[in-house]
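What follows is a single chain, given as structure tokens, in the form predicted alone.
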């Protein structure tokens, strides 16, 4: 466990605090850097900590992704592997990590040049894949994900030094306000919530099912939401959501018949690679925090789909 050079200490013996972020949210020239985002979109990301794109992928891409998601969901081999997290009560597959290692389709999706061009414009540097996962929140039985900042966990338990990562979530089902969609606190990425409690040994084994450490206090959450409220960026299948690694987010239980499925790819700056954990005595497994980074080379995902369809026939 590290004791020095920690700009964002958490899970310490001291009192919980809200720290002001020191890390720039975007590269200095993001608004004028060549890329698909307008200056207004760059400004919105810097201000709110997220960008939502309705129906980013067309029906052809959606069909392939839906079929591949279902193949992985019902795979007993995947469910029994170390990559899968199951629902605490039903035993159904809840998440599949390092999805690029078990699916050529999702491996290519994570390198889609349309997404990487946006990430590069905001980040201002090359990136690698820190983590990927499929979230499969089933109808009726999908449990909640409590409020948290991903960076708090990646920093404390994985050793990610700084807030230089962006997550991209691709909707694989329609997301409604009533089927447990992601909720975010706009602007919360500009603050860091120190959380209470020392990290237990191998905390990830429990936290992936139910998170008890690395979550903000009621007082911290109240202060953050009093600033800007809560937003629910949802939409049809094929939409994408890009979020800053430190954005506070969470989701409710899904008690509707309608599942909510999404693929998540976490892009980390190649100059922000993992060190020793800042607040844990162990390193989490490779499929949660990539310690052998390779710079991602963009590909034409749409073109790869035409090849996929040919091979499938």
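Positions refer to the first chain, counted from 1. Note that the structure is predicted; figures quoted are calculated from it, not measured.
This protein has a second form, the form predicted together with another copy of the chain, left out of what is shown; the following refers to that one.
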**Prompt:** Taking 4.5 angstroms as the cut-off for heavy atoms, does residue 258 touch another copy of the chain in the predicted bound form?
**Reply:** yes
**Prompt:** Taking 4.5 angstroms as the cut-off for heavy atoms, does residue 92 touch another copy of the chain in the predicted bound form?
**Reply:** no
**Asked** Quick one: does residue 147 come within 4.5 Å of another copy of the chain in the predicted bound form, counting heavy atoms only?
**Response** yes
**Item:** Contact label in the predicted bound form: residue 229 to another copy of the chain, heavy atom within 4.5 Å
**Value:** yes
**Complete:** For another copy of the chain in the predicted bound form, the stretch among 175-183, 97-105, 67-75, 120-128 with residues bearing a heavy atom within 4.5 Å is 175-183
**Prompt:** Which listed residue (246, 251, 272, 262) meets the criterion of a heavy atom within 4.5 Å of another copy of the chain in the predicted bound form?
**Reply:** 251
**Asked** Since exactly one of 239, 225, 194, 135 fits, which has a heavy atom within 4.5 Å of another copy of the chain in the predicted bound form?
**Response** 225
